[in-house]
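Presented below, as structure tokens, is a lone chain in the form predicted on its own.
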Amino acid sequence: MNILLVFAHPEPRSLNGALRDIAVKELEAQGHEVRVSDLYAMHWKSEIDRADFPALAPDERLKVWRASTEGFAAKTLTEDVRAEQEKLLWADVLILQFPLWWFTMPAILKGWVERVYASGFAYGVGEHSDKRWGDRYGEGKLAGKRAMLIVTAGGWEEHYSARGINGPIDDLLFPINHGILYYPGYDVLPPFVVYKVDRLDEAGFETVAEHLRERMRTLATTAPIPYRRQNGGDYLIPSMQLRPDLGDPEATGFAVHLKDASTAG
């Protein structure tokens, strides 16, 4: 398989750097071709602004989605953005690796998403009608590919449990897994999360490293998170509300977007 790992940590000698190297080495040992986009090493521009749209007239008001649509269609987006889009099309698997900073990804990685996920590429594609609402949430240009997160956190695993003070890790990562990866079509694998990283000793590191190697060995066979497909019949279109006959009608929150084998068919 072709695998793209987008790495977002400013220190190559960090735990994240060591985990990245372990993942790449194991993937290559399995015969996969791996490319790494090291955003800090690339001096990736994180903010999206007028400079991202060279074809935009100087006196024209910037409307990002429109400029993005036109720039992508005309192939006038900046070279760095187009290069990352080509990597995404090349890759069978996308891995985003980052430390959990203030409950989300670092700004540089968010900026990578905002700039690379152009309109016409990752969103704004497909038919919008009373039968379907675009190619997204299980469909889109990146459908048929797999994606996953490698995340490090300073807090304890208990802190990110169902009743933990930081909130459940699955909820914290939902906007990334569902909103960034599943949205353009990826089959999203469960994340690989390492906790208490600042307290990790050598023995703990070796345990984490072996678990990571195993996840890399099973990229093709690990079952994805069972998100509901937007256009698969589970949602009312165009309101995009989950059908009231699916699951507990009183339930709300992120978990309702997971298939329930007893009700979703």
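In this text the structure is predicted, and so the values were computed from the model without any measurement. Residue numbers run from 1 along the displayed sequence.
The same protein has a further form, the form predicted in complex with another copy of the chain, not shown here; the description that follows concerns it.
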Single option in D92, E127, E158, E86 placed near another copy of the chain in the predicted complex, where near means a heavy atom within 4.5 Å: E158
Could you work out which of D49, E28, E206, E214 is the residue within 4.5 angstroms of another copy of the chain in the predicted complex, going by heavy atoms? D49
Y137 near another copy of the chain in the predicted complex, any heavy atom under 4.5 Å? yes
4.5 Å heavy atom contact, A162 and another copy of the chain in the predicted complex: yes
Hey, in the predicted complex, is Y186 touching another copy of the chain, heavy atoms inside 4.5 Å? no
Taking any heavy atom pair closer than or equal to 4.5 Å as contact, tell me whether D201 reaches another copy of the chain in the predicted complex. no
Across 99-138, which residues bring a heavy atom to within 4.5 Å of another copy of the chain in the predicted complex? W101, W102, F103, T104, M105, P106, A107, I108, K110, G111, V113, E114, Y117, A122, Y123, W133, R136, Y137
